[in-house]
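The data below hold one chain only, encoded as structure tokens and taken in the form predicted on its own.
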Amino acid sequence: MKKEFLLFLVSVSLLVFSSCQKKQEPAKPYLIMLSLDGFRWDYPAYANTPVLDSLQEAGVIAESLKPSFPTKTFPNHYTIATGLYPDHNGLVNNSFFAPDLDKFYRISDREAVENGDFYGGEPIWVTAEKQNVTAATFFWVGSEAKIEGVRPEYWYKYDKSVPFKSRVDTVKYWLSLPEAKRPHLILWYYYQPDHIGHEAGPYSEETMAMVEKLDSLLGYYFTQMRKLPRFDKLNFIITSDHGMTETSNDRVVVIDQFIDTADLDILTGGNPVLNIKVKPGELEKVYRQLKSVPHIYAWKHDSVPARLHYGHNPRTLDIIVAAYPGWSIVTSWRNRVGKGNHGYDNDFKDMHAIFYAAGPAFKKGFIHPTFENVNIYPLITRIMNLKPAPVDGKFENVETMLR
């Protein structure tokens, strides 16, 4: 009897140990997030997008995603990754001067893009890697630099020429790797429909054709994902950095017609948001001149409206200038204006982007009110069971979309 009782106790102990192990080591969730650059929140109302429409039924759609100011590509992709407004994550514009580093950051400057000193905060792939979750990125802003000494396990230098389908195939390959090598967090990127939106305008036939092409590519993407044995474990987010609005050569402010550029040390940023460093003793003069210019806003450092969460970082310089929605700020030596642009006040609805999500973590057929993109980082950390870094976003703002 004693022997049988001891065997029984051992068996029970093993079962309890096994159960405890399962509780202590839950299966790691997956999350794959794709950004479609410049995909305005209401494009699906003007184009045929059956795949996105089906995502609305299968998961969650936001009424719109509110980008951060300035509504530019680099600041907002990095805001999505960090949960910090551009004023707090350091990427205050697509191009800017960093007084703390005495260096310029430009999106076309390979050395700057790969310099981790420019990037503040903790992007989600760093959060994941620090907590033993393998991450992969395919052309996401910031992922080409070592931030806190960390890069994602898998990443690529930006190469616009890589075909869109090849990017899908790479994501599938990553998710087909053995568990020990397989990423559970993936962020990847398409540069359209932003490119065509600038050239042809947001309501053009060319832009709508691109929107429909991207929807077709999403069909290919999900077809490939369904071939994976773990498809039912995958959480998906389809989002964007900003929207797009119509611009015209009839709505242009030539800034050097109103101020003497000899009074400036630095004029950086880009249409429609400029960051200006003024020479000593010239601040009040230049500010007064800019305040009188029609169709633009001009704010001194630290005086930008609080709702924009901007203008306190030293990289925003002495004066911030922003065009009214639909207007352009150019110089006499650089005055090309396309048919579409972004960067404007983020309350302007044309600047809003898309947010779709589906997978085991998300509700089905759920419409979420408009929310700010700083909330995506805490959403991902909750889904991935990661401890978040300090951020501006709050999980409470998006928790109702989860099951």
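Just count from 1 along the sequence shown to find any residue number. Bear in mind the structure is a predicted one, so any value in this text is a computation, not a measurement.
Although not depicted, the form predicted in complex with a small molecule is the subject of the following passage.
Item to check | Residue among 189, 154, 287, 222 with a heavy atom within 4.5 Å of the small molecule in the predicted bound form | outcome: The residue in contact is 189.
Next on the checklist: Counting any non-hydrogen atom inside 4.5 Å, which residue from 184, 198, 315, 88 sits next to the small molecule in the predicted bound form?
Outcome noted: Exactly one residue meets the criterion: 198.
Checklist entry - Are all three of 94, 160 and 194 close to the small molecule in the predicted bound form, meaning a heavy atom of each within 4.5 Å? => result Yes, all three are in contact.
Checklist entry - Of these, 257 to 265, 125 to 133, 102 to 110, 329 to 337, which stretch puts a heavy atom within 4.5 angstroms of the small molecule in the predicted bound form? => result Going by heavy atoms within 4.5 Å, the stretch is 102 to 110.
Next on the checklist: With the partner left out here, check for me: in the predicted bound form, does some heavy atom of residue 73 sit within 4.5 Å of the small molecule?
Outcome noted: Yes, residue 73 sits close enough to the small molecule in the predicted bound form that at least one of its heavy atoms falls within 4.5 Å.
Item to check | 4.5 angstroms heavy atom contact with the small molecule in the predicted bound form for residue 37 | outcome: Contact check for residue 37: yes, within 4.5 Å of the small molecule in the predicted bound form.
Next on the checklist: Can you work out whether residue 144 and the small molecule are in contact in the predicted bound form, taking contact to mean some heavy atom pair no more than 4.5 Å apart?
Outcome noted: Flag for residue 144 set to yes.
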